[in-house]
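Given as structure tokens, the chain that follows is alone and in the form predicted on its own.
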């Protein structure tokens, strides 16, 4: 089986990440319960007339995919694989609201057509004129990891050579209110820089689109090698450390071989204990990083963590804003990502310098 490399990255997030020449140099310290994305100049990538008809998630994804494709030096990819937890949520809400307001009559189909989860993958394919394999994974907070696993399998088995893979989710007003009602969102605005000191229930939510070109052909400017992705629907706390050690051992690695562990903690005092078990346990002597205080929480927020890991390995720089302890690594050769959401959908992603 062939190795898999990350050849380009692109991120539209709550930070100014759309410019790959920078790496979290200008931290935006949001103070809110939901972090909106910092919009790029959509006109530079999408004709304004077309952009006005597009959902937020579609616009973010098209821009991110074009940036990733441009950086990879490719004109085309063999496949497009997308992960999304909620799809084009705003159009779903728009259509359902119109259904109620108009008593199920005189409805225009546009919002309905654009509300499906695979709309993003389809629109990106139309923009890139890619007629290859196109698949969307909707597996809650494991949506991006599922897309990543499919990508790795296709590339490792040489069924495809270059694949565009991404994770995208947008904020919908009505759905966000429902999240607030069930207590998944913090009750009071919190500054991003103080999120992990808040010690309150709920998370700060966000949105974003992160796309990557992965290939089984290494380039001179490849970011990193994707070694493995593994997911668990549930994972008892008392088995977490053993599971990670077994995961690493399958690649002849020990805890001490990890130069950086990137944890998906979101500041929810009720559910961040999984990360505390690791940060205060087997990884207490390892450099640690968090990222959801700058991106917000959403189903595919782990794709932002993946972007952070790839950029860190390539640049050999870990921005101060994501550091969670004072330890320093001599270099970032092996990076482990761990994510879970409300004690479900646990995932481990292993990256190496190439």
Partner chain sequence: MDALKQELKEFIIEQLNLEDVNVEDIANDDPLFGDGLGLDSIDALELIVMLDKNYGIKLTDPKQGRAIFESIDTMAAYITEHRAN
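Keep in mind that what you see is a predicted model, and the values were worked out from it rather than measured. Residue numbers count along the first chain shown, from 1.
Note that the form predicted in complex with its partner chain isn't included here; everything after this is about it.
Note on the interface: of 193-201, 212-220, 98-106, 237-245, the segment with non-hydrogen atoms within 4.5 angstroms of its partner chain in the predicted complex is 98-106.
Mapping the unseen interface onto this chain, residue 110 counts among the residues with a heavy atom inside 4.5 Å of its partner chain in the predicted complex. At the 4.5 Å threshold, heavy atoms of residue 292 stay clear of its partner chain in the predicted complex, well away from it. Contact check for residue 328: no non-hydrogen atom falls within 4.5 Å of its partner chain in the predicted complex.
Taking its partner chain as positioned in the predicted complex, none of the residues of 167-205 brings a heavy atom within 4.5 Å of it.
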